[in-house]
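The chain below stands alone, shown as structure tokens; this is the form predicted alone.
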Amino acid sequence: MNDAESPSWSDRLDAMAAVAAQHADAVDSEGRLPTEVLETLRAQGLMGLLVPERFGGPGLPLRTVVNVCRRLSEHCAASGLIYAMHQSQSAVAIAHAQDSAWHQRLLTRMAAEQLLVASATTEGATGGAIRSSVCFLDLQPDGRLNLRKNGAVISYAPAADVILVSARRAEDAAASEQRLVAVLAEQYTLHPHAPWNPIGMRGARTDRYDLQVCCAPEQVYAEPFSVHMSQTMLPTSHLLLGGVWLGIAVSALGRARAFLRHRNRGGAPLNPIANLRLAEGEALVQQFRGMLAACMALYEDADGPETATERMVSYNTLKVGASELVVRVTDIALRICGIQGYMEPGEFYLSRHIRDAHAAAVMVNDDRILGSLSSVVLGVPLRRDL
């Protein structure tokens, strides 16, 4: 029996959710890392869920982890965002360790020590483009690798135990000839720029840093970064973040439903327009779930008939569609709650949900994704079987 089937699984999720709900407002208002949630995730053994059994983890399917993201994000979306990004990077570390002894030992540590994994795949000189690097892996005479990545945007960096860093494979390599290297906390230093003050997802602490690394060559993954991106990072990140955005939508609509029930119990006359909006919101949530479930099934059916291009289009359109749906649902919830949803504090306020929801469209900008798809979709058949 795996962890997801054990009697303690629901208790572990309940503990996680309770801590997230307790600290969500403080995390948002103070713009600080959700340290209490991260400690609880570690204590409940929820960090290394994807790590295979042979490395000491439970080896749970991605579908289970997506649902954990949704559940966590219903209470604190910033915590859910951190967890989703961590699990996407964990998926990369697992899928591409191959027969490397160093990377296999890292997987063992990820399970045993519940390590938090972050990502540094952007830098200031490339304008945030993930598939291009200026920095490079610099092999020293003593056999060590040096790396300096300036202006890297890294989420939850102060709390990370491992960062997966992209760079050109050598100084004479093209900007697109990238490799990924797993770097331990004691092997890098972070020099922060002026901290950002975003309107939403404030607890994720997404800031800009100059990153300096000194590590061993064996910590570089064997395959090109493009393989990591197409096979693992892109599909898992869109699926896991889809769980985050769905969690926000479910939570916002739940507050709207609670507001209407409270209003009705207080003897206020029925509001048919508000009830209609609630039904509209529920329809959109069901649409959201269906879209996410379809892409989850596509991911699980790795040997299915879909081409790599069709899969890429599906995952990217999931990202864009989820970004739009979460904003629509939170807007509907605000219209239902009215002034009670607009004011803080209060039982039905929705400002955190609305601000967090808008992060979906700008974290990897939807226009950039649609621009990359604009030529690809010309060759993707529209008449595909369900």
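Note that residue numbering follows the sequence shown and begins at 1. In this text, all values refer to a predicted model and were calculated from it rather than measured experimentally.
We do not show the form predicted together with a small molecule, though everything after this point is about it.
Contact with the small molecule in the predicted bound form, defined as a heavy atom within 4.5 Å, is made by none of Ser73, Val327 and Ala357. With a 4.5 Å cutoff on heavy atoms, Pro195 does not count as touching the small molecule in the predicted bound form; it lies far away. At the 4.5 Å threshold, heavy atoms of Gly127 reach the small molecule in the predicted bound form. The small molecule in the predicted bound form is approached by Leu81, whose closest heavy atom lies within 4.5 angstroms of it. Mapping the unseen interface onto this chain, Val362 counts among the residues with a heavy atom inside 4.5 Å of the small molecule in the predicted bound form. The stretch among 116-124, 283-291, 312-320, 170-178 whose residues place heavy atoms within 4.5 Å of the small molecule in the predicted bound form is 116-124. This chain appears without its partner; in the predicted bound form, the one residue of Leu137, Val153, Ala185, Leu106 with a heavy atom within 4.5 Å of the small molecule is Val153. Contact with the small molecule in the predicted bound form, defined as a heavy atom within 4.5 Å, holds for exactly one of Ala93, Met85, Ala256, Met110, namely Met85.
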